[in-house]
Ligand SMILES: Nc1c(NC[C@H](O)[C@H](O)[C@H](O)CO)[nH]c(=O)[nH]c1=O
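Here we start with a single chain on its own, the form predicted on its own, put down as structure tokens.
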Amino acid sequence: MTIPEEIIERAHRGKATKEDAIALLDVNPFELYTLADNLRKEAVGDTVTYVTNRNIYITNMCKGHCGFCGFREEKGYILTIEEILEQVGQAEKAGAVEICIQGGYLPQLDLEFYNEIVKSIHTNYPNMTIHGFSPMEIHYASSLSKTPIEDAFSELKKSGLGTLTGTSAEILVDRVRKIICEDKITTDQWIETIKASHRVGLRTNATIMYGHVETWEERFDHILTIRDIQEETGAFTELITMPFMPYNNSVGEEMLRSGKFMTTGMEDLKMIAIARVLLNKHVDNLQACWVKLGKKLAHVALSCGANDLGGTLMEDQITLASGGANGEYLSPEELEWIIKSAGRKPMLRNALYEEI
């Protein structure tokens, strides 16, 4: 089946529908990839971006019981401010321009502690971009301190937080969330939290974690929710599509017992391509997450709608804990080689997609 002209026309105008996305599942996949690649070129040209960054995990503990996560020690560590600053210093020496701070869902991690982390990094390393925390973390921390969520984000921004992550979204459909992360914030709470961060001037990325218990239609509902928010706030910088890692977690164990394994490469590429179609004229940047996809598939994704390869990372403990096998670090030189070998122009960026 070829792509109907009316779908192509709506895609170019930024008006693609959920029904269009469903129809695209049955077309020749290489026609779909070509459509997405054309839309990518119109939106951002031939530049492919990446960022030199380091993940810092302030704890390896979490009181949440998400069925998709292998990163939830009951006893472990919480880094001190001094230990965090030491890791930031190491990252700066290694050439990182961004620190991504990852936390947990713990009563000990209150709003005061988050502000102290941000303020300390910003004071000691003023040129380092701070990208961190999830909507869930700040929603929880603000409730602990009885601080209105907008005030919490205003404080963090004043302390030096550059951008908020768009994680903890998983699939923004409550049927799915009740199965995989019942004690996490609801779809509506996530939406209201992310909008609150946008209202105080924080930009965020958006994420989707797919390939577990959700349907294709629920994936499209998630992407269209992101589009609706973007039409209202304009503050999303990118969408990161992340295939589910089914190892060392209860959701994955049940999947594997049923005979279902990880997403296929074709499925991952379709996901990126249809996301490009649905988000055209709304969210320009789509990341091919090499730590999830692997280097070779991320390279192919650059011809299927993606225009960003993410970061050098220098640690990705969460993916590793869930069975990821693609490593935790990729050098800028290798990222640029991947980009150039795809016939594109590499550009080092910050979290706001500004050229470094």
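These numbers were taken from a predicted model, which means no experiment stands behind them. Start at 1 with the first residue shown and count on from there.
One more form of this protein, predicted together with this ligand, exists but is not displayed; see below.
Chemist: Of E98, E155, E214, D284, which residue is found within 4.5 angstroms of this ligand in the predicted complex when only non-hydrogen atoms are counted?
Modeler: By the 4.5 Å heavy-atom cutoff, the listed residue in contact is E98.
Chemist: Select from the listed residues T225, S142, T187, N205 the one whose heavy atoms reach within 4.5 Å of this ligand in the predicted complex.
Modeler: None of the others qualify; the residue that does is N205.
Chemist: Please name which of the stretches 192-200, 98-106, 215-223, 142-150 has residues with heavy atoms lying within 4.5 Å of this ligand in the predicted complex.
Modeler: In short, 98-106.
Chemist: Would I240 count as touching this ligand in the predicted complex under a 4.5 Å heavy atom rule?
Modeler: Output for I240 is yes: heavy atoms within 4.5 Å of this ligand.
Chemist: Closest heavy atom of L330 to this ligand in the predicted complex, within 4.5 Å or not?
Modeler: Outside the cut-off, so no.
Chemist: Quick check on A301: any heavy atom within 4.5 Å of this ligand in the predicted complex?
Modeler: No, A301 sits far enough from this ligand in the predicted complex that none of its heavy atoms falls within 4.5 Å.
Chemist: Classify V48 as contacting or not contacting this ligand in the predicted complex by the rule of any non-hydrogen atom within 4.5 angstroms, answering yes or no.
Modeler: No.
Chemist: Using a 4.5 Å heavy atom cutoff, which residues in 142-156 contact this ligand in the predicted complex? It's fine if the answer is none.
Modeler: Residues within 4.5 Å: none in this stretch.
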